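One chain follows as structure tokens, the form predicted on its own.
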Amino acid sequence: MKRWILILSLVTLVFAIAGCGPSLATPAAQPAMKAMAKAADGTLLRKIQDRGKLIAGVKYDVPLFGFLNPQTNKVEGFDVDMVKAVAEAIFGDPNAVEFKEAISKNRVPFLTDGVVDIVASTMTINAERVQQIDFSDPYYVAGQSLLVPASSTITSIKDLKGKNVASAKGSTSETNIRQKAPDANVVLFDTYAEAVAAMQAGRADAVTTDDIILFGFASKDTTKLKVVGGQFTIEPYGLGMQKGHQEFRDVVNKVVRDMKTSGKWAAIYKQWIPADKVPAVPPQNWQDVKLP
């Protein structure tokens, strides 16, 4: 009996090495996508194709969405993977992209000035911004909340009267907190990392922005930071583009829609978002996003 088991094991090994049976060898790589056909001359999409790479603005200091990993010196996160999917659709190569750091206050200028082709930077679609730039369909829905020290007695925006609340310059969070907590003292910084550092140094009582950004900071040290207050706004994120380039916007929207229907969006969500389950994909129209 032992002899037959040995023979069967040897046969299985031979077939596996030959690729004819239960594989013990490395799985075959997925075939690379083909680059799309050349766009019309004079279009932004053709300019991107001729350049050979997509130039994208992302955040470097927001864990989970756009974070410069000090160990690899590469930027990674949900937003980064969205941009890579666009690059793959255009060039057949998800790595055909150059990243530039885009903080909240320079995201729109980066697009209007032509510094980048696309911005994936936890950027909320709203009525004011759609007058300045174009957006893709929503690819994520967040909600504004509060980050406080673990020992804080702040539990909601109702507790912010006379408190110093930090946020980022040029963000929707700044506008929202002034409206939702008019008696708070709003303190602004260039980045959310600077805002969190200021709070930890005692120069602010709370930091406010989208909950998923705050969860990223809190996850670094749950003994010192906590997210409170629930969602008091809705923030549909979109990929930003310069106005007036419909051919490029159509490509980006096709990527977003295909990701939602193919399961790739869900896979990216599972990879980056610490949640028990994957929610329904965001609606196609940002104005259809509602508070849960």
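All values reported here derive from a predicted model rather than from experimental measurement. Numbering starts at 1 and follows the sequence shown.
There is another form of the same protein, the form predicted in complex with a small molecule; it is not shown, and what comes next is about it.
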| item | value |
| --- | --- |
| Heavy atom within 4.5 Å of the small molecule in the predicted bound form - the one residue of K180, R129, K84, K163 that qualifies | R129 |
| F248: touches the small molecule in the predicted bound form, heavy atom cutoff 4.5 angstroms | no |
| Close approach of I213 to the small molecule in the predicted bound form, 4.5 Å, heavy atom | yes |
| M123 within 4.5 Å of the small molecule in the predicted bound form, heavy atoms | yes |
| Residue contact check: T172 to the small molecule in the predicted bound form, 4.5 Å heavy atom | yes |
| Which of 261-269, 41-49, 233-241, 219-227 lines the interface with the small molecule in the predicted bound form (heavy atom within 4.5 Å) | 233-241 |
